[in-house]
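There is one chain below, alone, in structure tokens, taken in the form predicted on its own.
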């Protein structure tokens, strides 16, 4: 009987130790590096908040933060809205639901590198959508967002939504299928239309799903690197630069490891700033119920 108590702990302990070291251990190392004189290589000489001062004085950092705010808000909002609409559509027990669900979910099976590369071809003015439409005779049609500094960030939103909306749909659909059908029948008996039932009864019950989807999509947005690198490389100029690219380039390409570590810490703080209020609100709501 004693073996039943210590054997699971013995089996799980290496995984737990590896997780603690390679996740939380490296987080602590990164935080420590952000307070040092580290440049090309780690230098543990204490520097206080100098690296953070350099970071906040860097115009490119604020550009990347602004780009992340634009991308994050649009990416989360559009992915959730489209995912919810698709879930409601599939919840009508339509024919071929399994096939459509697989089609909607398929983009999530691809890596962001593949998604970025594919959309780079599609949106390239010289060989993608613009050239295709012009070949149909619409010679005045233009869609050059990919090379337009003012609109390039929206191409990242398009690619991100294309890949993640199906994932949001799957979570919303699971929530919809968990709603008691008797509630819907009772509302229909009272004369409520289906749009009203969804708007006033069903969708409000999906609050935990909204919480989960928001949290996951926010995490994807904040750490977005491969999608942007494959699609735009952060350009034109710094038009689609995001903190993850800033952190990578300053840490490993520009030999400013301390500034890169400081930017990584700020990304972590952003995740915490989003996650903690959401978790607090959800916990408070659950306790109230």
Partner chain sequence: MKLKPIVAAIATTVLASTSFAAEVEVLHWWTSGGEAKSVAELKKMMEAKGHKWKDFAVAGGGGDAAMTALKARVVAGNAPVAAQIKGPSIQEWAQQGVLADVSGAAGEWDKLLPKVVGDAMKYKGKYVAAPVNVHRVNWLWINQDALNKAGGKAPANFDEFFALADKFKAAGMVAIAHGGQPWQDATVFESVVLGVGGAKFFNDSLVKLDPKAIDSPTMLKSFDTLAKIKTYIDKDSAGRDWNLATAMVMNGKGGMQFMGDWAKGEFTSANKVAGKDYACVATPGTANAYTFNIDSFAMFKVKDAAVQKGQLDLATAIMSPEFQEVFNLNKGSIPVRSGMSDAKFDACAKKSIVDFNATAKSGGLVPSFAHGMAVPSATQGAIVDVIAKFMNSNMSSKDAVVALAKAAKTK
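Positions refer to the first chain, counted from 1. These numbers come from a predicted model, not from an experiment.
Note that the form predicted in complex with the partner chain isn't included here; everything after this is about it.
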Exercise. Does any heavy atom of residue 126 come within 4.5 Å of a heavy atom of the partner chain in the model of the complex?
Worked result: yes
For this session: Consider residue 223 of the chain shown here, and say whether it contacts the partner chain in the model of the complex, taking contact as heavy atoms within 4.5 Å.
Result: no
For this session: Would you please decide whether residue 238 lies within 4.5 angstroms of the partner chain in the model of the complex, comparing each non-hydrogen atom pair?
Result: yes
For this session: May I ask you to check whether residue 91 falls inside a 4.5 Å heavy atom distance of the partner chain in the model of the complex?
Result: no
Seminar exercise, completed: Heavy atom within 4.5 Å of the partner chain in the model of the complex, from candidates 149, 178, 204, 98, belongs to 149
Exercise. Does anything in 28-44 come within 4.5 Å of the partner chain in the model of the complex by heavy atoms, and if so which residues, in order?
Worked result: 29, 39, 40, 41, 42, 44
